[in-house]
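In the form predicted on its own, a lone chain appears below as C-alpha cells.
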C-alpha cells in the first residue's frame, strides 16, 4: 500500500480544493456571472476565512484593482461581504458559506433585474399604445385594430409572466422554497454526509 507524507497529503487536498474552485467558477456562467466571480467565491470559500484583496491577487495572479472590482460585484450579488478583522487595517472579504443561499442570491438578483427591466419596457409600451389609440378613427383598418388589440393582449401575458417570476423570486427569498424542496444530506459509506 502506498503511503503519503503530510506534505503530499496537503498537496493532494489542495488539488481537490482547486478542482472544486474551478467547478464553482464554471457554474457561475450558468447564472450569467463571470467565472472570475466564481473563482474568487471558490477561493475564499475553500480558504474558510476572510481574505484581503492582496491575498486574493496573490492567489489568482490578477491585479488588486481587478480583485476590488470583482469583490464589489460579488457584494452587489449578495454573495460576499466585507468583514472586520481585529488588528488589521485592510479590508477583508468573506463569502456566503451556504450553497443554497448562494444559489438563491444569484438566482434572485439576476431575475429581479430581469423583472425590473421588462416591467419598465411594458410601462413604456402601454404608454405608446395609449398614445397610438388617440389616432384610431372609424376609418382605421381592421388590421390596425386587430394588431393593436393583439399587442395589448401580449402585454397582458407579458405582465402575468413577469409577475409570476417576481413571485417566484419572493418564494425563494422568503425561504418558503425549503418547505417544498428541502435540502437532505446524502449519506455516503462510512456514515458521513455528502
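Positions refer to the first chain, counted from 1. Keep in mind that this is a model prediction, so the values were computed, not measured.
The form predicted together with a further copy of the same chain exists for this protein as well; it is not shown, and the discussion that follows is about that form.
Proximity to a further copy of the same chain in the model of the complex, defined as a heavy atom within 4.5 Å, holds among 52, 69, 34, 27 only for 27.
Contact between residue 60 and a further copy of the same chain in the model of the complex is not found at the 4.5 Å heavy atom cutoff. At a distance threshold of 4.5 angstroms between non-hydrogen atoms, residue 126 is in contact with a further copy of the same chain in the model of the complex. Proximity of residue 65 to a further copy of the same chain in the model of the complex falls outside the 4.5 Å heavy atom cutoff. Of the heavy atoms in residue 186, some are within 4.5 Å of a further copy of the same chain in the model of the complex. Applying a 4.5 Å heavy atom cutoff to a further copy of the same chain in the model of the complex picks out 147, 148, 150, 151, 154, 155, 156, 157, 158, 159, 160, 161, 162, 163, 164, 165, 167, 168 from 146-168, in order along the sequence.
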